[in-house]
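Consider the single chain below, provided in structure tokens and representing the form predicted alone.
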Amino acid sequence: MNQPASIERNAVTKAIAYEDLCLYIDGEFVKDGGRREQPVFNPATGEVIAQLPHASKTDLDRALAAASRAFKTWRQSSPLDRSRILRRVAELSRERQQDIGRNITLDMGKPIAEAIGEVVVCADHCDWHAEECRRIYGRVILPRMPNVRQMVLREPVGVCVAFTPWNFPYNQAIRKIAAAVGAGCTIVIKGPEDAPSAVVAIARMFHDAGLPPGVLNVVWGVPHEVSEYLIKAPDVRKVSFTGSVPIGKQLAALAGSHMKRITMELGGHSPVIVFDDADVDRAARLLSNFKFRNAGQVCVSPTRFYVQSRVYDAFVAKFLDYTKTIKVGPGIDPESSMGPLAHDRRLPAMEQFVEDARKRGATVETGGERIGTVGNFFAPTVLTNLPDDAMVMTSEPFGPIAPMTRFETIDEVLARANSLPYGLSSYVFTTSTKNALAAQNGIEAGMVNVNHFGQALPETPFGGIKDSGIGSEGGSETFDGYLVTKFVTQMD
């Protein structure tokens, strides 16, 4: 493949105005003042597009104090007021989708259509939370004596801290903010320093929607320093994190040592099972599109392909046909269907996966190498005939690599699919209700998709089991991690 980044395209990205990066503390947008700054890079060109200010200890203390103070009144706010603000943010998301999406493409790399789509979908998340926050109910328990009244109340947990990743910078942040705000909590969020524009844009929208000062605060800094400082803060009652399994375990342990509630949406290594009765062409088309979305940098990306032997060759051939139509290039170019990896460190990681597979006897059917020398572009890659102990079959690749292997029986493939400590998402393609039911019952994952990709909607719970996390975001479960249960009993 040819080098996708040209001088002309570089000039286009330089001409586009980027988000004015800042902190957001107690209702104020804060920058300058001698704070440490971090460069933000465009992964398609390698150029520096902005400088991101880091929060000082004073900034962190101020954000925590503002959240603590605001909680005293926000917890008593009307659900109608919370709903109104969330609905206004949804409206603003739709109004500003082009600018926000463009900036996500500039700092994260995904194609512009995907970036704008992320913003539009997240408007739906705001609308959903706006409705659900009006339906946070308690209950009355019938007493054993006529002069006793027993009630269960659901109350906001308190000050929350959240840490969100770079691959879906808008989506991951808005889910946590909308849940906290809708529940009556306040929140301090540290978004991704290497793709910060979306979180700053979210702060601007909540500010413009009339959210009271201190309810939402945005800080930046060295990740482990900021997370440790915020989690240890006495006023913090809830920790939410989306990211890798190792970091998630560290933060969960830290939160647990201070008896703080957690929601953890961690990594996955999603198995795909294609049975021999599946619609092979449809499965290959859908899976190819989904696999290489966001250059494979998706926690629920299909990453282990188990194809029943009778249709293995046909499926691989169809999958390759669709994969070879993918146009790799800068996300800002509307003709690009796959952008760069977000970080240059991921290029040698992809090469290591491919080299290990080769050493173990796998065949590189397409791709397998970096594209050009400018930007973090790696070719869509398909590997076949891999052993189950290959690195790419045991470690989450988080990149544009699709490994394929055969299976014979359903018992065999379920055992192989469940052999790893991950349990986030999974995918099954079959026209047999017997196979579908066996897979639904047998796969160890928080989400099972049969014949399509139906997860991550606002009205459905999103979360994993085993090492892939604790708790869910979305659905009627969305506020569970942000509410405490209080039992009240009264005798006349």
Ligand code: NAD
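Being a predicted model, the structure only gives us computed values, none of them experimental. Numbers for residues come from their place in the sequence shown, where the first is 1.
Keep in mind the form predicted in complex with nicotinamide-adenine-dinucleotide is missing from the figure; the text below concerns it.
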Worksheet item: Taking F163, N167 and L251 as the candidate spot, are all three within 4.5 angstroms of nicotinamide-adenine-dinucleotide in the model of the complex by heavy atoms?
Response: yes
Worksheet, complete the sentence: Among 113-121, 258-266, 322-330, 129-137, the stretch whose residues bring a heavy atom within 4.5 Å of nicotinamide-adenine-dinucleotide in the model of the complex is 258-266
Fill in: nicotinamide-adenine-dinucleotide contact at R144 in the model of the complex, heavy atom, 4.5 Å
no
Worksheet item: Wondering, does R102 line up within 4.5 Å of nicotinamide-adenine-dinucleotide in the model of the complex on heavy atoms?
Response: no
Worksheet item: Using heavy atoms and a 4.5 Å limit, would one call G243 a contact residue for nicotinamide-adenine-dinucleotide in the model of the complex?
Response: yes
Worksheet item: Would F206 sit within 4.5 Å of nicotinamide-adenine-dinucleotide in the model of the complex, counting heavy atoms only?
Response: no
Fill in: Heavy atom within 4.5 Å of nicotinamide-adenine-dinucleotide in the model of the complex - the one residue of W220, F398, F305, F377 that qualifies
F398
Fill in: Of A314, I247, M151, M391, the one that lies within 4.5 Å of nicotinamide-adenine-dinucleotide in the model of the complex (heavy atoms)
I247
Discussion item. Could you pull out the residues of 356-379 that have any heavy atom within 4.5 Å of nicotinamide-adenine-dinucleotide in the model of the complex?
Written reply: none
